[in-house]
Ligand SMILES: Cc1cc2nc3c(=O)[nH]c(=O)nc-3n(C[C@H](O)[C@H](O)[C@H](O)COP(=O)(O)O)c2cc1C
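The chain below stands alone, shown as structure tokens; this is the form predicted alone.
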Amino acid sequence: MNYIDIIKKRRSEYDLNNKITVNEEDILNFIKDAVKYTPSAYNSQSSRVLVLLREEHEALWDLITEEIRKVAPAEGFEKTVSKMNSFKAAYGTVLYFEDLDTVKQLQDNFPLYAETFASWSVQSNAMLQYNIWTGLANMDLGASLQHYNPIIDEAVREKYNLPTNWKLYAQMPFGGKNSEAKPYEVTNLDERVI
């Protein structure tokens, strides 16, 4: 399979289950390789991930539901619960963080570029998200990228005893696919690529 075919497999998949045909150890080793080989500015290696599987994954989505309940209007909250349960039905979740101490050290060491290190850090994290997402798709696993931060940040930090310098950027539930994603809609490429 060539690279463009692998890219085409990556889609936002929401109809997931906890049945996977891939060895769990292979998934974890792949994620470690993605973290290892995703580029970062000045080789800062500031990205961090937390991988939650099975019961820990389910507990995360229960936690997210309760944190959102604290701030969301009660009216219509059933839709939110339904959406959270769809993520909970998956096999695992990858949480993406940036180590802000690493970013701060680069800002101190290279003051000329101090203002840009934060955005470079986010760009590296985005590449990592894409690499993992595409790799999971290549293993025939479905995934989507979610953003319930900053609402959940403190609760996640406390539950998993994470360092305070880790900033949460995204959550990626993944698992077996119950159905295929809808066809991809593309706007006029001649207007996007000139």
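For clarity, every value in this text was computed on a predicted model and none was experimentally measured. All residue numbers refer to positions in the sequence shown, first residue = 1.
Although it is not shown, the form predicted in complex with this ligand is what the next lines describe.
**OP:** Sort through 24-32, 66-74, 50-58, 138-146 and report the only stretch with a non-hydrogen atom within 4.5 Å of this ligand in the predicted complex.
**Re:** Selected range: 138-146.
Subject >> Contact label in the predicted complex: K177 to this ligand, heavy atom within 4.5 Å >> reply: Although this ligand is absent here, K177 would stay clear of it in the predicted complex, with no heavy atoms inside 4.5 Å.
**OP:** Answer for N18 alone: is it within 4.5 Å of this ligand in the predicted complex, judged on heavy atom distances?
**Re:** No.
Original post:
Taking heavy atoms and a 4.5 Å limit, what residues of 173-194 are near this ligand in the predicted complex?
Top reply: Counting only heavy atoms within 4.5 Å of this ligand in the predicted complex, the single contacting residue of 173-194 is Y184.
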